[in-house]
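Here's a solo chain for you in structure tokens, the form predicted alone.
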């Protein structure tokens, strides 16, 4: 399959074609050969692929996650109303002043000392997972390692029982299908049912934390409800669902993608993980080289001209191709090569501006500890065959990742 240019800046490319979603980077290279925004026919959207353009748009207050006043239209049909309820107060959807108020409340849970205090717990979790399969000599790394670590961490942070994590995973997997823009009606029905179950579950958890407060984020948010700018129960539910979905969905696939990147050109240099500075650099390069989120959309709040001649009218969307920006040849030397010691490794994998990932410090900590522990414990780690990719472009990752040592 090839990217087919149907005009100077217009192209046709089927996002559900396996040749594309298994490896979108050759197609990004073709997009980078054109100057400025390009128009993707299948989505009907102008797309930004250049690093500077994507980074600038993420910070540009003329663009927002929701359409401007007077251009509102329900993004979700009636059969997705429970899902819409979970999105109503999502930090990703809100803009100032509502975003500022809620973000400030959540930020307190992610201050550096609180995140760093979880380092020992994360290390214990990673060792416990490896203990369970080390003697086998092989493992399916996504289900046995990359999934249980982040979902357990975020459950602990929120104060949700760890025995509920299987349900959390099932609900999350169903809900994120709606973000792909190519979901089926059946996918939407399952997402709405998962949303209803998730809401019911969190209402019970909020009541439990109100009766018996703890040091968790849920209790922290509930305690602030007496303040004038405190969160409502509905806002707490939206925040918790966003953190649970983003806190494990992205980290799971970033761990898997990072392992494969590190194993593509073996042997992995164990020195990369012997000091904090070099390990942090490896994490940043993993985020840049093969991030799990590849497309993010923004609505123009006013008519905006891009690159002198492309106009995004007020109320229209623009697509930010984060995966393409992270491989931008104008920004990065040898953009398709994994350089563990790359110094210029700032990416847009975690966003930018006011919507920069609120859980970024925790995600980076998890990645550093999990990757370093894995490669130190299993120095002979190697892939078993070619990893199987998920049928998903937006959330780039694997269905399974089999390894041996």
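Numbering follows the first chain given and starts at 1. Computed from a predicted model, the values in this text were never measured in an experiment.
The next section is about a form of this same protein that is not shown, the form predicted together with a small molecule.
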Next on the checklist: Quick check on this chain: which one of 175, 160, 250, 300 has a heavy atom within 4.5 Å of the small molecule in the predicted bound form?
Outcome noted: 250
Checklist entry - Which residue among 53, 350, 66, 365 has a heavy atom within 4.5 angstroms of the small molecule in the predicted bound form? => result 350
Checklist entry - Even though the small molecule is not shown here, does it sit in the predicted bound form so that 260, 324 and 390 each have a heavy atom within 4.5 Å? => result no
Checklist entry - Using 4.5 Å between non-hydrogen atoms, is residue 292 touching the small molecule in the predicted bound form? => result yes
Next on the checklist: How about residue 337 - does it come within 4.5 Å of the small molecule in the predicted bound form, if we only consider non-hydrogen atoms?
Outcome noted: no
Next on the checklist: Does any part of residue 57 reach within 4.5 Å of the small molecule in the predicted bound form? Heavy atoms only, please.
Outcome noted: no
Checklist entry - Can residue 356 be called a contact residue for the small molecule in the predicted bound form at 4.5 Å between heavy atoms? => result yes
Checklist entry - So which of 39-47, 25-33, 337-345, 58-66 is the stretch with heavy atoms within 4.5 Å of the small molecule in the predicted bound form? => result 58-66
